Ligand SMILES: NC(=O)c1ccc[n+]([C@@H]2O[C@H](COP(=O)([O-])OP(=O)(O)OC[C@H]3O[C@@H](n4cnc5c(N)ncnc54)[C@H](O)[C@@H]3O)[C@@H](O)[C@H]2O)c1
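Consider the single chain below, provided in structure tokens and representing the form predicted alone.
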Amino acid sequence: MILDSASGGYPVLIGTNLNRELRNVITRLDPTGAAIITDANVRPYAAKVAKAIKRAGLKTSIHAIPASERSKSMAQLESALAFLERNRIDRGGCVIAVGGGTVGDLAGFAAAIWQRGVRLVAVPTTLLAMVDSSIGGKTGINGLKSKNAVGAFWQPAAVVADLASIKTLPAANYRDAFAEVVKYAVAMDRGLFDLLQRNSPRLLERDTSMLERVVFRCVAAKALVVAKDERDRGPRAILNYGHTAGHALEAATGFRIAHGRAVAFGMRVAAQIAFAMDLCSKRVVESQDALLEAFELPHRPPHANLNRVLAAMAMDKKARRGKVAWVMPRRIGHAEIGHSVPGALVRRVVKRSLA
């Protein structure tokens, strides 16, 4: 698949055992040098990537960050940039991000600002990164109190999503990623919603053929939006469904809650608000809840302080003068952007959702 954007198109390869395809990607790019950024958990897989690239005639070094959302920090960014400098990555070189969303965001931001921009190859190793964060060019780190507050738009030169890497994911990590998959289904793709309903047991068992279908549909849905709005100035906000309250929950808990769990919480909040405002039917709320539960994404999040969640929500990147533009579901497969919600209603729904 080729993902189009204003910055140019790039290939997104989805399949199993793609080392040869990765070598071909690197060969076509013909970089002057390459550096792999990964995390401590994925380092063994990154070593295999380095070996595959070596067969293409290119030696690489590996820099591993701690495997935590907290690694999306200024300190870890500085460490990654120092690594690129030590390895003399010039403007003809490339950064290869091997890992999940944290690695992709940090490595992508480092690539965007090193030498004012070097090429990036994304090798996502988690389901969450494959369906969402590796696609579309958003990179960055967290602020002291805000999710993804510091960053840049930097499209990759290629994305290579090898489904074989998903087989070793911890069960909770794998399961949590389906929050983002359900997001696409509820907000953008009724056909995907039906597919998930029929095949949740096969997907929970990590059926490769079914996973490939799901990842492809998610990437295709995101690709259509990114092609229209690369810089997130309008229609791309649809991808923020579930993220307004979700990001706030992450920030309020010191990023100790998994992103997928937070997004599931955020989608439940948004749907309940939409129902209260007569924007969607009760059936939409119930259908979404049932699908999240099918993927073992529970209703109750970890304990979080209500006022901290609400304060973090006001710092949402899409907020203007503290006013948040919500993405609301209207029916399964279709959401709308730009909704204003009374503060009292937000407080009431969030308080109930945290109880």
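Bear in mind that the values here come from a model prediction, so they are computed numbers and not experimental data. Residue positions are given as counts along the sequence shown, with the first one as 1. By rigid core we mean the largest C-alpha set that fits within 1.5 Å across both forms.
Another form, the form predicted in complex with this ligand, is not on view; read the next lines as being about it.
For the three marked residues, 229, 244 and 339, no heavy atom of any sits within 4.5 Å of this ligand in the predicted bound form. Contact with this ligand in the predicted bound form, judged as any non-hydrogen atom within 4.5 angstroms, is confined among 55-63, 38-46, 290-298, 305-313 to 38-46. The closest heavy atom approach of residue 73 to this ligand in the predicted bound form falls outside 4.5 Å. Residue contact with this ligand in the predicted bound form: residue 208 places no heavy atom within 4.5 Å of it.
In the predicted bound form, this ligand sits within 4.5 Å of a heavy atom belonging to residue 100. In the predicted bound form, this ligand sits beyond 4.5 Å of every heavy atom of residue 281. 170 is the sole member of 191, 92, 234, 170 with a non-hydrogen atom within 4.5 Å of this ligand in the predicted bound form. Comment: this ligand is not present in this chain, but in the predicted bound form one of 158, 129, 252, 218 has a heavy atom within 4.5 Å of it, namely 129. With contact defined as any non-hydrogen atom lying within 4.5 angstroms of this ligand in the predicted bound form, the contacting residues in 61-76 are 67, 69, 72, given in sequence order. Remark: with the core as the superposition reference, the CA shift of residue 259 between this form and the one not shown reaches 2 Å or more.
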